[in-house]
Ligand SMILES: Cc1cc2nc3c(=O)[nH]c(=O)nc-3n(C[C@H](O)[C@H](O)[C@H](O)COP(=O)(O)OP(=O)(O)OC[C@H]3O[C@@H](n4cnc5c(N)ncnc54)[C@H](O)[C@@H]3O)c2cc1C
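In the form predicted alone, a lone chain appears below as structure tokens.
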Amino acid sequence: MTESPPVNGLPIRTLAEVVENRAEGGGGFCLTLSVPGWPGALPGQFVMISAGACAAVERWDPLLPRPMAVYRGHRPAEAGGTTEVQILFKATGAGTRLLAETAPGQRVRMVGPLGVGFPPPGPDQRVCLVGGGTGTASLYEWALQCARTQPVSVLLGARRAQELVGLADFEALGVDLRCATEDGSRGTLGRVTALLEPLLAEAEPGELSLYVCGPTPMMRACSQMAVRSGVRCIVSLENNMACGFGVCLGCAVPMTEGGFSLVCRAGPIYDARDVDWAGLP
């Protein structure tokens, strides 16, 4: 399997400087941060970022940070140095709109990396990554790593072409890339599950390893399709959370065996069969 970055596994709490905040279209942004002492991250891990830039006068509204997947910048910083870490997000509420307004030179609070990374596929398996909306941010580095040793298919879905997050970066990987848009403006007309169905139908038992991140209804549908096809499906959940450390209990997800799991500590990566999808909104 591919080598993972030599991370030390210990999250840090720091102030990260904004290097660039680039509008991506469709309300999406690519935020590049210079992070001092960055310990590195595994594909699938995330960070907690303050809702907007730090100011001379403390602002308490919005108060809570936002969980964001690490898009690029998984390698750790050199001793005493910094690493540029990229975050993809969409401005949808008050906190993310403030984050969209940050400018180079400003600083944001960051805690991370948090959570667990993706489990590796089998050595002879074909890897299929399915991303919807900003969920694709969790999948880019994993696609890059897996593509070094085995065939990779990336399926991206969005409402329209302008909302296909990170499309140019995935194109540059040279993997099997397929897109679906609900308005037909790019790729197949319809939802991304329309692209997954034939891949599952063609796969031999044990041939495919499936990883999914995006809106809950999309992940639920992919999980159900995978179960019918006998394919293991790994999902990266996108639950809201306030702390990232398992204190607030706001990210609890129901499990099929009963009880709840805290996404910030045990996740965000789960075997889709372990998640009680009926209990999720």
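As the structure is a computational prediction, the values presented were derived from the model and not from experiment. Note that residue numbering begins at 1 and tracks the sequence as displayed.
What comes next is about the form predicted in complex with the ligand, which is not displayed.
The ligand in the predicted complex comes within 4.5 Å of a heavy atom belonging to residue 95.
Contact between residue 239 and the ligand in the predicted complex is found at the 4.5 Å heavy atom cutoff. Interface residue remark: residue 250 is counted as part of the site for the ligand in the predicted complex, having a heavy atom within 4.5 Å. In the predicted complex, residue 88 approaches the ligand with a heavy atom inside 4.5 Å. For the options 137, 146, 128, 192, the residue carrying a heavy atom within 4.5 angstroms of the ligand in the predicted complex is 137. This chain is drawn without the ligand; in the predicted complex, the residue among 30, 221, 255, 64 with a heavy atom within 4.5 Å of it is 64.
Only one of 77-85, 95-103, 151-159, 175-183 lies within 4.5 Å of the ligand in the predicted complex by heavy atoms, and it is 95-103.
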